[in-house]
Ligand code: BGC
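A lone chain, given as structure tokens: the form predicted on its own.
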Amino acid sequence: MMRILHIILLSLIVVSCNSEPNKNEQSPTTKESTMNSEIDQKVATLLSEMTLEEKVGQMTQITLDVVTKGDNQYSSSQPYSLDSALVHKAIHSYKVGSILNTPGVPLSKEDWYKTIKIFQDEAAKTPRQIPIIYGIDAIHGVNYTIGATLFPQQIGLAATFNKSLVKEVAKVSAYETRASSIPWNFSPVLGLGRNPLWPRLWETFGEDVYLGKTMGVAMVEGYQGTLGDPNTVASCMKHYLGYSVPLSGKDRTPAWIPERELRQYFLPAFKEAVDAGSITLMINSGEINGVPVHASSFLLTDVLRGELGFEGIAVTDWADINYLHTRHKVAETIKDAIKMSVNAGIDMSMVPHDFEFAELLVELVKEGSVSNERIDSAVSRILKVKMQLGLFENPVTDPKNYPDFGSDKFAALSKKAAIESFTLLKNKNNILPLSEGIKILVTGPTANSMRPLNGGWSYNWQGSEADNYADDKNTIADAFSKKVNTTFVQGVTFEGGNTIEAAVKAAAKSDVVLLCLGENSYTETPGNTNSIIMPDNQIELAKALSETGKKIILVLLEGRPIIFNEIEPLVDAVFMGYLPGNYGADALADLVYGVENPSGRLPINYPKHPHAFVNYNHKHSDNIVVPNYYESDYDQQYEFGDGLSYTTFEYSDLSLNAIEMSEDESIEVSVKITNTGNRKGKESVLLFISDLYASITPEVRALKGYEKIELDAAESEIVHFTITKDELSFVNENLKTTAEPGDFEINVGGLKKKIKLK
């Protein structure tokens, strides 16, 4: 007989309406604590009734292809449909608790609803009636739902230096994800983008620790809001830990990171996101210092659970437990790999193509190789997240309840984010903005496709279908054709097509050339590259156009910095566009013609030379110069924080309320910013701190604060920052975070003052 849900459903918290202040009213923290206490009790009750097979099923996550009609579990036939017998097998025979992924094509929100409702209806027929938790990579909007709003990728959002904007973007993404009936989003990426070769650099918030952790918190808060609200989703911090800096630059290859650097540079973003309440986490597919993260009880239990206090679900990435056997070679069998990873601390396995994980884990528990306590701790976390999301009460959200899905106001937000992300890096003789009457040629491989605007994870994994599913959106050629006096000639293609001669002829009849270069869409291992030098045919196009004597505006659409020092002197203006999303072309047109004022800043260093990958907060010894012998290695095309505007800003009156502080004190910093130009503009005010001397060689400088402001012409604003010991701390040789007494330099907009930590 099916059990009823009264032992599982969450009780309503009754908040007193007594008019006497604070008499019976609970603070938000108290309410959350009460709610979690009630959930913990319900989890314990449910767990006590579950069989081992049911528990292991909850730890099992399969891909959608396993339960669809198709040739095998690795594919879905098209048009896509579920196989009812396979759905029954997964949910009833193997008690599977989670499903992810797409059937190879994007679905409408109505089809997502039908699909997930089938799973939840089937789960409701099981003895415990535990709902499925469905997960998706909705990393820049719900990129697998037709008609959803796609935003700039994370690297572009970082370039906005606008935390509140990023939070709004995440809120909309959560709303549209739930409109697609999906409650779990595998985002944000919290790794640092520090190796330009790495094909997922554009999925990060850039190279800086402070920028990455604060942007990550904004995104987590935007996704999760108040847990249980059907407009929010579970965020998933990824990829814990150190995934983004493989030594070779190739995806999922080994990283070599001293523990001191792990703690100083890579752990803070996860710590901040845990503190912000993120309830799920995805594990790094790779290995650090010869130890696969999936086999590291130190990282997954001692650090993640013990030090960071993370209480949510730790889920693997794609097939990564099996890779302990097949790729990393640390487990002699798949069964050994499962034992190793579960004992290390994983809670859920993204298997994803079969049920072997469930079968073998049951065997391991019965043999005593994995304890019942380890299983119970994992399953408790999974059940708790499902309850926090309200899935027991409302297992599937209906798209009819989301009228703003794909709305004009969401499109306007996406365009706003794109506008603030575009970074103007060069504007020789103030060639920009252009007037409407100027004749312009639009050319280049990124000029007439939606793929370079969106990048990977757009309608399909590699983003290769963007032109089909976003054909109602504007490419750059489309957006500029709506302006007068615009001509489009392709010039060159990614596949090697060449119409350079036609482009040169068209340039001769134009006043200005909009040269659109960069990369086609990609992600993960298919995006690996042996070189980040701009391809020869793009260089050839640029050189041929420069010989016409026409002014050239270079627009770069790329997921990582592509070295173009050979042609940089030939162009008059440079826009770094990153991957700005479906409204990126419209944003660019408004920027080029001065409807909008650029305000983006680089969240990475842009290297000038193929082997000069140096971060902006490098060590002093990275910049050794021996005159008449060799050049400095630190020679960047553009540097972290660079970005121009059509107006000018003056920094003045940098002041401190004290010049000395002890560890339990703080210093208030203020600075006056004045718009000294003739038009409104936005300015990202960046605060850098330099530790002048330390027991660990200090960085040249490090970002420790930022605020984005908007000022009318001649308007001023005073911006405030607070410096505590946290902003002065680093990880020492003993792996302890410490703030050493001594002198520090504050730098805001080129204004500098010294402070002393007593």
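All residue numbers are counted from 1 along the displayed sequence. Bear in mind that the values here come from a model prediction, so they are computed numbers and not experimental data.
If you look for the form predicted together with beta-D-glucopyranose, you will not find it shown, but the lines that follow are about it.
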Inset, instruction - Answer for residue 682 alone: is it within 4.5 Å of beta-D-glucopyranose in the model of the complex, judged on heavy atom distances? - result: no
Inset, instruction - Although beta-D-glucopyranose is absent from this view, report whether residue 243 comes within 4.5 Å of it in the model of the complex, heavy atoms only. - result: yes
Inset, instruction - Give a yes or no for residue 168: in the model of the complex, does one of its heavy atoms lie within 4.5 Å of a heavy atom belonging to beta-D-glucopyranose? - result: no
Inset, instruction - Considering only heavy atoms, tell me if residue 318 and beta-D-glucopyranose come within 4.5 Å of each other in the model of the complex. - result: yes
Legend entry - 348, 374 and 384 all contacting beta-D-glucopyranose in the model of the complex, non-hydrogen atom within 4.5 Å: no
Legend entry - Interface residue in the model of the complex among 339, 200, 601, 109, criterion: non-hydrogen atom within 4.5 angstroms of beta-D-glucopyranose: 200
Legend entry - Selected contact from 178, 239, 95, 451, since only one has a non-hydrogen atom within 4.5 angstroms of beta-D-glucopyranose in the model of the complex: 239
Inset, instruction - Counting only non-hydrogen atoms, choose the one of 269-277, 559-567, 310-318, 210-218 that falls within 4.5 Å of beta-D-glucopyranose in the model of the complex. - result: 310-318
Legend entry - Sequence-ordered list of residues in 134-155 near beta-D-glucopyranose in the model of the complex, where near means a heavy atom within 4.5 Å: 137
